Every structure is written in structure tokens, then in C-alpha cells.
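In the block that follows, a single chain appears as C-alpha cells, in the form predicted alone.
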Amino acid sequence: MIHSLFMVNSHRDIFMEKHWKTAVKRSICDYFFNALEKASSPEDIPPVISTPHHYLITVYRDRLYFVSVIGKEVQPLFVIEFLHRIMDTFVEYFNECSERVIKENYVVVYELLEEMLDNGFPLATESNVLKELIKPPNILRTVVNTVTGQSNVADHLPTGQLSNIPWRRSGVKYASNEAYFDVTEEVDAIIDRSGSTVFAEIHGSIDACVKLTGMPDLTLSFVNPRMLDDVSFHPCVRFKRWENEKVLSFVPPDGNFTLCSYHIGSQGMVSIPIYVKHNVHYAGSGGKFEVTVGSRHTMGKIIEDLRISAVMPKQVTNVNLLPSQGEYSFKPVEKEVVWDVGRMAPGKPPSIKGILSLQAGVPAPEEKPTVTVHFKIQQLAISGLRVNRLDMYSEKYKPFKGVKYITKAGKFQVRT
């Protein structure tokens, strides 16, 4: 399936490559670089690029491009998901996925890629299995390997590799048994100048941190599971049980993993937790800029990490604004105003207003800026999804259980 993988940094340098079936020349990446030049931003690069003899499937994340070379047609999402799995594995091993970290751990990275793909096809992708196969690097292990000439690769197969539950190793023991679940939802929305919702959707995920002794069998139920239509599950979830009873039944991996991700695209089911009132106009050599933000549908929860940004027209030379809360900055080169509100205090909604300075001798701009909103709300799932209960079978102890909800802004824009 995957012949080669090239890792490209933000300067368009290929700093690492790995070949499985046949060695593909670096010149194949010229097709990718041509697409990169035509794209206005890294996110606009086509994920699938066709060449005379191969297909290039790419992902962009953390200022790195992963370019995979495919010999024949495959499902693109399958390859894209696998490339993201590689990056997630690097984060679990090295705490970040960056050019510096990959270069510092060349040997471990090559060992991981060799185990994750067998002859170009995915083999071991679960972190539990990989950590038994290849020990995560630390200072002591690095010194011992340097002195003895040993590697991080284990001499025997992981205990779960040949079982029907390959994502969980056997013999797991903990002094304190805990299971935590984080329900995180990102709201993508476009609001027009009258305040009406043009587009709104929610991307959610349930991330778990499970540290339980033995081989527990968990069942997670929801208060309103019918609202979840477009759902993607971790392989540990029994899909038949979800189809019939709308409950998540699974034997969890050990440690951190994403139990499921979901998408809610019906606008009638997407509540917008924040409103933005704006007044932007130009007159002569100046203009007026006024923005007020407030909360709604938050069930009394406080909006945190609130940040408002707007890119002004190129005719704007300076701004003089007065915020009622927080502080603002103006970047004259990018023409961007950033208002860092922070935690929204209850009571009067925060606002910022002032005047704009326009370039003399130039007609007033016709376009108005688009306001981008960033926020976070703790202990609230804006979709209304609620966990009902978590039951455990096959083990006799009582674990400590906890659920946390977070709503935050994804691509949230307001047109002025």
C-alpha cells in the first residue's frame, strides 16, 4: 500500500524518508512542492495528488508535512488516518511531533515505522503494543544502549499481539484503579452580519484515560445517545452492541486513547454559546470599530480563554481602542487586531470600541473585517450529550470514575 514516506519541514526541506517496498526517488516530491506553491495556505493543499506512476497522500500538522507515496488506488482516508496515527505515536513517545525531536530520535523513529508498517501495510498501531515492542527512550536507556550496543526493540512479541484483544496487554496491575473520560466538543460556525447562523456544526470526541487492573469489561451509557449519528469508534468498541442498545461496550486499552469521535451537523441541534454585536464603518480618513460579546445557552457556565481577532483592510494604518475588559494589540504588518478578554466576568458583557486611522489619499475600503472568536467553556457539552453511567464487569474491585466536559471554538467566524 504505502511505498515510501517523506517528512518535510516548513522550509520545504525533506529531513527524513522511509521506504518499505521500493525506494522512490525524492524527485517525486516535486509534484507536492508544485501544489504547495499554488496553495494560499498549508491547509489548502489537496490531500491527494496524482502523478504519472504514483499517488501522493499528504497531511499537515504541527508545521510538518507527511507525504506518503502510494503505488495504486487505495481509500485516501485510510492512509490519512494512518499518517495521523504515526504522528500521535510520536507524541506519545517523545511528548511532541517536531523536526527537532524526530532528528534527535532517528533510531527509535525508524524502529517505530518498521513495526507500524509491514511491507507497506499497517500492522501494529496500538501504543500499548508498540511500547512493549519498542521501549520509549529515556536518558538511562540511551546510555545503556550506547555502551552495550543494544537497541530499544524487545526480544519477544507483546503478550496481546496474538490475542483477540491486541490493544491491551495482559498482567496489568495498579495500586489505584481509575477511569477518566473527557467529552470535548469543538463548535465550527459562520454567523452573518445580522446575527443569523449561516453554518454550524460540532466535532466531538470522548478521550479516555483508563488505568485498571486485570482485564475489565466496561459499558458506558448516555442519557441521549440517539443524537449521535455520525460516529467513529476505537477498535475496542463492540459495534453490534452500539447498533442494538446504543451503549459503548468495550475492553479498554491501558492508558490514554480516544474512545470515539462524532459529528453533529444539523443546525437545529447546534446551539451557539456566544453572541457578537459589531459596528464597523469608515468615513473620510478614519473609521469606527466597536465589538461586544456575551454568552448564551451556557447553562450558567463561565466562558474562559476568550479571544477576539479581526484582520483589518490594508488601508487601516493604526487603531486606538478602549476595551472594558482585558487588553488588545494591533499588528501593523498583518493589520490584525487581537483582543484578549480572558475569563468573561458575569454581569455586563465586555466590549471594545474606538477609532480607526486610514491611509490618506486612498479611497475608504469597501470590505469589512471578519471577526474570529476563540473560547473555552468547562463542564459543558454544547450538544447536550451527557454520560449516564459507567459499569464494569469481569473484575471485583470498585474503580474511581470521572467525566469532564469541555466546549471550545473551532473555526468560529462572524461577518461584520
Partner chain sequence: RYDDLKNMLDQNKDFLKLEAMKRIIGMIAKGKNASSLFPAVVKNVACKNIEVKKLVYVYLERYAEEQQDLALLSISTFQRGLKDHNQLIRASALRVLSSIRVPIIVPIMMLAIKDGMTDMSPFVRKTAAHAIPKLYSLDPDQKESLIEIIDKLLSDRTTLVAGSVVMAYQEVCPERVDLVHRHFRKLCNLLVDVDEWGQIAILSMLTRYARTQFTDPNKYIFLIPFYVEYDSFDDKPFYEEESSSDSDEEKIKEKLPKYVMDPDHRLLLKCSKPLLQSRNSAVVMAVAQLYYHLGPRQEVSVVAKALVRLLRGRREVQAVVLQNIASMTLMRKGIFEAFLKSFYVRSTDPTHIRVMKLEVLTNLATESNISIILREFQTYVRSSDKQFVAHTIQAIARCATNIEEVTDTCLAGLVSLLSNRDEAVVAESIVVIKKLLQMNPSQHCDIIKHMARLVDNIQVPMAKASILWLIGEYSEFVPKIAPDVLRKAVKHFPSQENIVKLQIINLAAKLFITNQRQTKLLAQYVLQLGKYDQSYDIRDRSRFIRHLIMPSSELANGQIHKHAKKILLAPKPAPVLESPFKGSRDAYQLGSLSHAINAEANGYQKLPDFPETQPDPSVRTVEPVTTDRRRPGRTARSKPPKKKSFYSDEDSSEESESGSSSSGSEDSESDSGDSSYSESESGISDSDKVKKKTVTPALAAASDISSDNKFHFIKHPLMMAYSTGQTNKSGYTTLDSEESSGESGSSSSEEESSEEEVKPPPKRQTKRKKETVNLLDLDDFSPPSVSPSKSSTSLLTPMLASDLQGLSLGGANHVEMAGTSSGKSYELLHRVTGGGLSAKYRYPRSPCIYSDTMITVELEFTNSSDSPIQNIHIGEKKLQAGLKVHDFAEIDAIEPGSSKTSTMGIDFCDTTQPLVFDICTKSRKFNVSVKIPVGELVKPVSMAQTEFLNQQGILSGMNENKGKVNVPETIQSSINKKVMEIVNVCIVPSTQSNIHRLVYVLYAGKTAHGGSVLLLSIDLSESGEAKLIVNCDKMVIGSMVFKQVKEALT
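Superpose the two forms; the largest set of C-alphas matching within 1.5 Å is the rigid core. Every value quoted in this text rests on a predicted model; they were computed, and no experiment measured them. Numbering follows the first chain given and starts at 1.
Another form, the form predicted together with the partner chain, is not on view; read the next lines as being about it.
Engineer: If we define contact as a non-hydrogen atom of the residue within 4.5 angstroms of the partner, is N34 a contact of the partner chain in the predicted complex?
Structural biologist: Because no heavy atom of N34 falls inside 4.5 Å of the partner chain in the predicted complex, the answer is no.
Engineer: Within 4.5 Å, heavy atoms only: does S383 come near the partner chain in the predicted complex?
Structural biologist: Looking in the predicted complex, residue contacts with the partner chain do not include S383, since no heavy atom lies within 4.5 Å.
Engineer: Consider R26 of the chain shown here, and say whether it contacts the partner chain in the predicted complex, taking contact as heavy atoms within 4.5 Å.
Structural biologist: So R26 counts as contacting the partner chain.
Engineer: Contact between A283 and the partner chain in the predicted complex at 4.5 Å, heavy atoms?
Structural biologist: A283 lies outside the contact set for the partner chain.
Engineer: So the partner chain isn't shown here. In the predicted complex, which residue out of K277, R343, K240, R296 has a non-hydrogen atom within 4.5 Å of it?
Structural biologist: Of K277, R343, K240, R296, the residue with a heavy atom within 4.5 Å of the partner chain in the predicted complex is K240.
Engineer: Would you kindly say which of E304, D254, E99, E114 lies with a heavy atom within 4.5 Å of the partner chain in the predicted complex?
Structural biologist: It is E114 that has a heavy atom within 4.5 Å of the partner.
Engineer: Can you tell me which of 269-277, 288-296, 325-333, 176-184 lies within 4.5 Å of the partner chain in the predicted complex, counting heavy atoms only?
Structural biologist: Of the options given, it is 176-184.
Engineer: Heavy atom within 4.5 Å of the partner chain in the predicted complex: which residues of 185-199 qualify?
Structural biologist: The stretch touches the partner through E186, D188, A189, I190, R193, V198, F199.
Engineer: When the two forms are laid on each other by their rigid core, does S394 show a Cα shift of 2 Å or more between the shown form and the other one?
Structural biologist: No, the C-alpha moves less than 2 Å.
Engineer: Superpose the two forms on their rigid core, then report whether the C-alpha of N177 is displaced by 2 angstroms or more between the shown form and the other one.
Structural biologist: No, because once the rigid core is superposed, the C-alpha of N177 moves less than 2 Å between the shown form and the other one.
Engineer: On a rigid core superposition, would H19 pass a 2 Å threshold for CA movement between the shown form and the other one?
Structural biologist: Shift of 2 Å or more: yes.
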